[in-house]
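Before any questions on how it binds or moves, here is one chain, the form predicted alone, in structure tokens.
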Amino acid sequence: MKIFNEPLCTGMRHLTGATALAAMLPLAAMAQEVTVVMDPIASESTLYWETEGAFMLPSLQGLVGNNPETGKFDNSGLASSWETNDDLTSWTFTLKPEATFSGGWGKVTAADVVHSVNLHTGDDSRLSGIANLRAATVTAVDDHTVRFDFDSPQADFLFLLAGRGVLAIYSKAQFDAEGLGGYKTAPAGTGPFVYDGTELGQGMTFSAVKDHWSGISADYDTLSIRFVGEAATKLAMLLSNEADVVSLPRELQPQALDEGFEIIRSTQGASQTALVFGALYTDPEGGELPQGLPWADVRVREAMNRALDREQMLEALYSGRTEALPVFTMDEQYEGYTPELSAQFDQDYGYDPERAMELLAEAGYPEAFDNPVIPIILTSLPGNPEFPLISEMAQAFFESVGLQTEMREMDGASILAARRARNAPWVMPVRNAPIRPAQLGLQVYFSKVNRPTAYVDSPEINAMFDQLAAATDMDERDALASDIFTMLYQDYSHMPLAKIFAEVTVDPDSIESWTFPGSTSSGLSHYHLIKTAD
């Protein structure tokens, strides 16, 4: 099934009862409020730094935005332009002079940016990726110019501000007048919506700003965001017309499609999925290395890759609506992308159970290993409903070629604790979301920078990563990242699966389209671009 950025039409929905009555109402009246249902977030606080950064209030903005079509960084945020010095240690942003806070709190100035940085980098901040912002010295050069200075190159600073979203701009004037209390009850923002209120555990409501200072406004009056964890409840809300847009698990999408609802997906990839080998450590500087793991032998790693029927897996997991992923954390939007690896992926990684069994025999599996059993983690992590099925399917494919496995059920906290103790000798699914630039992705999963929780700790890759982190020439950075990705690929260091798009299921009677790039942690953004049906 091919999914376009416009809704996918699947036929007329049968209308009965309240649904039929709603269909008879004037369309203009039906378009006044848009209700979006998504997974619950870790914190519903209006203080962004108290959250993990997965959801920025639609009423708030950062300095940098993302183009809704391409996902590339653009000036749709509060900065009209920016520049960096030659060694990437200083970033200067020019603010839009017309940018204005809601509630009569005045124009946005550099003082608001400095104030917001101080709030976001405090000891109570829970934001993911905040360490880089904490390392900055922030200076208000003048009312509309702000500079961030660092001790080391920050090639991916724009991603932290946009895709990762570590900084939302709050009004200093409001804070001076009302303190944090004002932020908690009616935080002034600069976005195309005004925060109305929160019903704890249920959701948030926003009013669209008409004649917004940016010239861009939503074509509806109210945005209601509801947080619902139960998949069946989400589907019921869609079927009963209680919701216009629902982040629906893929296993329930066919039922919604059969009823005439439609799918809209992000314009760009929102995440990547892979299976990783835990404790693939070869760098003695990292401490004691695990002994006797079957996947320490590259032939076993290749065999496990060859055992996976990715086409069958991705059809079952995502109805085939994915793009090929030759190396986890490599993406064509960022430096290091190596198309040759995509071209030869089927040859090197393609489903070939006979070759897998030959490789295992060459490695002497299972006799040559003290403990040939391969543990597979079964876990359900927020926003990753497909993880258990990934593990179960992988187990079936592994066992079909003679690998011995066991399933271990663990929660996220236990997994992280084991990784921090450098004691995670297992295979498990992981997700890269939002898709990070090369250096950041490699840093998290495949380098000593994230020791002890990295999955790969190799002296060769660590040395190359050090060069990448220090490099400021764009061509050199691209070449170094490509070399690392190629080494990871050739070493069968993990089991890449797919690049995945963010998808929402919508009611076509109320929603015509929604253009969003999938570039944020939640995958959803650009709520003002939701277009209601005429």
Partner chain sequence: MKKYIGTRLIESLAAILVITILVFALTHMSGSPVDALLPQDATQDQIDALVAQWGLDQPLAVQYLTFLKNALAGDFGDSLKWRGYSAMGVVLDRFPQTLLLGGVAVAISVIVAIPLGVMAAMNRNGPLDRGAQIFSLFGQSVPQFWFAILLIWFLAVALQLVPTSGSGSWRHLILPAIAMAWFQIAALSRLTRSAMLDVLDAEYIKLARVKGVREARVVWVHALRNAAVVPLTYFGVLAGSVLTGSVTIETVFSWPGLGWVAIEAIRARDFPVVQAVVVIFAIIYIVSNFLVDILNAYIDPRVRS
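A quick note: this is a predicted structure, and the numbers were derived from the prediction, not measured. Numbering follows the first chain given and starts at 1.
Unshown form predicted together with its partner chain; subsequent notes refer to it.
Comparing 357-365, 212-220, 408-416, 174-182 against its partner chain in the predicted complex, the single stretch with non-hydrogen atoms within 4.5 angstroms of it is 408-416. Though its partner chain is absent from this view, in the predicted complex it lies within 4.5 Å of a heavy atom of just one residue from 91, 281, 397, 445, which is 445. Contact annotation: of the candidates 194, 289, 237, 140, the single residue with a non-hydrogen atom within 4.5 angstroms of its partner chain in the predicted complex is 237. Shown alone here, residue 42 lies within 4.5 Å of its partner chain in the predicted complex, counting heavy atoms only.
When contacts are judged by a 4.5 Å heavy atom cut-off, residue 126 counts as touching its partner chain in the predicted complex.
Taking non-hydrogen atoms only, residue 420 approaches its partner chain to within 4.5 angstroms in the predicted complex. A residue is said to contact a partner when one of its heavy atoms sits within 4.5 Å of a partner heavy atom; residue 255 meets this definition for its partner chain in the predicted complex. For a residue to qualify, one of its non-hydrogen atoms must sit within 4.5 Å of its partner chain in the predicted complex; all three of 230, 242 and 453 qualify.
In the predicted complex, 199, 200, 201, 202 are the residues of 196-212 with at least one heavy atom within 4.5 Å of its partner chain, listed from first to last. In the predicted complex, the CA atoms of residue 528 and residue 433 sit farther apart than in the displayed form, by at least 3 angstroms. Note: the CA-CA distance for residue 432 and residue 132 expands in the predicted complex relative to this form, by 3 angstroms or more.
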